[in-house]
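One chain comes next, on its own, written out as structure tokens in the form predicted alone.
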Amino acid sequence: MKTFPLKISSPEGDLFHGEAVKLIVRGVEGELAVLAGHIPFVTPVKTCDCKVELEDGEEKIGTTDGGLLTVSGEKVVLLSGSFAWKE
């Protein structure tokens, strides 16, 4: 599958910076998935589990207390007030 550049940041710094196949978060209007080639948009993100699927099939799951998701033609950025990866 195609990948896209993803960056997840909080006030503590960058928590993820690399290529992803899929990102799933909860926006203000419900759960949404971002794939490569997604149309550009910006949306607030609610408190939720954030799932990142990597090219090798690994899935990383973290928790965000909310933030802002920006999808552009070049990259996807999740800015979070607080973010922690689950073990």
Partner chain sequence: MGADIKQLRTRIKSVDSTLHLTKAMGLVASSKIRRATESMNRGKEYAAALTETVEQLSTYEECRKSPYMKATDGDRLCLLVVAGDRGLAGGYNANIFRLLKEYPDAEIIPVGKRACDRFPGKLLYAEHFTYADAKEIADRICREFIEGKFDRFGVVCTKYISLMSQEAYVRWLLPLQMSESAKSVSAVFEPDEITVLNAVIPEYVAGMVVASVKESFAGEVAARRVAMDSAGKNAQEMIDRLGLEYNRARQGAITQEITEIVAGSGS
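Positions refer to the first chain, counted from 1. All values reported here derive from a predicted model rather than from experimental measurement.
Keep in mind that the form predicted together with its partner chain is missing from the display, and what follows is about it.
Participant: Even though the partner isn't displayed, in the predicted complex is Gly57 close enough to its partner chain, meaning a heavy atom within 4.5 Å?
Facilitator: Flag for Gly57 set to no.
Participant: How about Val42: is it within 4.5 Å of its partner chain in the predicted complex, going by heavy atoms?
Facilitator: Heavy-atom contact with its partner chain at 4.5 Å: present for Val42.
Participant: Is there any non-hydrogen atom of Lys22 lying within 4.5 Å of its partner chain in the predicted complex?
Facilitator: Close contact is absent here: in the predicted complex, Lys22 is far from its partner chain, nothing within 4.5 Å, heavy atoms only.
Participant: Using a 4.5 Å heavy atom cut-off, state whether Thr70 contacts its partner chain in the predicted complex.
Facilitator: Answer yes; at least one heavy atom of Thr70 falls within 4.5 Å of its partner chain in the predicted complex.
Participant: Listed by sequence position, which residues of 1-29 have a non-hydrogen atom within 4.5 angstroms of its partner chain in the predicted complex?
Facilitator: The stretch 1-29, when checked against its partner chain in the predicted complex, contributes Lys7, Ser9, Ser10, Pro11, Glu12, Gly13, Asp14, Val28, Glu29 at the 4.5 Å heavy-atom cut-off.
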